[in-house]
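Only one chain comes next, encoded as structure tokens, the form predicted alone.
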Amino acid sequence: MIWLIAVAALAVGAVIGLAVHHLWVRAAVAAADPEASGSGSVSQALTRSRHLRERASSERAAAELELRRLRGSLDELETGIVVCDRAGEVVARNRAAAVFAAARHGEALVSRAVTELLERARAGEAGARDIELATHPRRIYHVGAAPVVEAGDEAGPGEVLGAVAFVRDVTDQQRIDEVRRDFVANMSHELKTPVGALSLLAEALGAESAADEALVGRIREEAQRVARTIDDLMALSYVEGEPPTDERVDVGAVVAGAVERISEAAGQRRVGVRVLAGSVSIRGSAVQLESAVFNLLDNAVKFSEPGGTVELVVARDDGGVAVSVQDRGIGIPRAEQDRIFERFYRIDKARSRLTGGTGLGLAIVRHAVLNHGGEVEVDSREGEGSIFTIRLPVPSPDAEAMPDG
């Protein structure tokens, strides 16, 4: 999206530049007029005027050529691009976007969404939405818009020059995502039964007096590891495929549920969990949010040294709520921090095998938080520990008293 906005911003700049250039030419010609200047010979004034006109004509031709190149480049994009000025007038629309502007049926909904989002973007508010058309076959378009702002300085941000909108056909992408989610969900359900049977067989084998205890323990351990992986796959498939329910959720209760779930594992590793949380309500899914907080606690406990403490704090944060989980464990290398939310990505594979990590926990966190319009951040240093922070929006009528943190 960033490069699309950059190209569109150049188009806006070129259009505005042509207008400014036209005014400059008029002023330069007026300044060279012998009657206006009142000094110098007529021949010198005419020569100076001719040079100014030639220079202006050359620069105008170069600007028009650059504008044609930009418009030609935009026409080659499969993504629709619409650029408007600060007054809301459309100054550029590539070929892909022109299809929606001329539409009369379902695609007209896309054109309407572009107009609405551009209006909000001109006021400085970026936004996006998905438009699903009830056509055969079904089509889904992702529409977004953002303000085009001139470079600011120390005094503050620059002035809004206009806005740019883009339209992408995401039908195939969403269809592939649905197939992948269905495959993962179905395979996970199918694998639950044989893995459960393996665990039972290990228990039965362990009951035999002649059985090798070490072998039985290894079978039981591997069966539990597969079961954890399946559970995480099912959880990830759930948060990816199910939009959060629009219910009132007490964040304090969500935190309490996650802490209770992690208490046994924390006790086994002799890691304490300290909580500072008040009561605040948001709209969303308690199941998804508890899963997110639990996975952060699970990671913090696994990577803490025995005898350490994990701190969980819920506090107000710029009109929203922040849930922070801090450990003083091994930390995360800076070079790895951009990838830790990817599926199956594990920094230390050897340690992950020892702790039973699947590499899916942080992916679950990210998807659950994004589903609620929030964001997740990490601040970590090797050897000092990590702080993961979930930031969620809170509707002001639902906000209640919170600790200052």
Partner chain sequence: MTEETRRTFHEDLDSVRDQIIQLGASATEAGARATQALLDGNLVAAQAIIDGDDRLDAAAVEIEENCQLLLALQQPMAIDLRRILAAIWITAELERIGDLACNICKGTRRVFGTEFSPRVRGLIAEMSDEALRLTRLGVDAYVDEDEGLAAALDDIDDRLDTLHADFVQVLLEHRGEGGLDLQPAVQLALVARYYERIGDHAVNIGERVRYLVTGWKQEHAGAAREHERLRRGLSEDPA
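Here the structure is a predicted model, which is why all the values come from computation and not from measurement. Positions refer to the first chain, counted from 1.
Keep in mind that the form predicted in complex with the partner chain is missing from the display, and what follows is about it.
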Does any heavy atom of Arg104 come within 4.5 Å of a heavy atom of the partner chain in the predicted bound form? yes
Do Ser111 and the partner chain come within 4.5 Å of each other in the predicted bound form, heavy atoms counted? yes
Might Gln268 be said to contact the partner chain in the predicted bound form, defining contact as any heavy atom within 4.5 Å? no
Quick check on Val184: any heavy atom within 4.5 Å of the partner chain in the predicted bound form? no
Please tell me which of Asp231, Glu125, Glu178, Glu116 lies within 4.5 Å of the partner chain in the predicted bound form, judged by heavy atoms. Glu116
Just give me the single entry in Ala227, Val170, Ala98, Leu133 that has a non-hydrogen atom within 4.5 angstroms of the partner chain in the predicted bound form. Leu133
So which of 192-200, 125-133, 311-319, 330-338 is the stretch with heavy atoms within 4.5 Å of the partner chain in the predicted bound form? 125-133
Though the partner is not shown here, which residues of 55-94 have a heavy atom within 4.5 Å of the partner chain in the predicted bound form? none
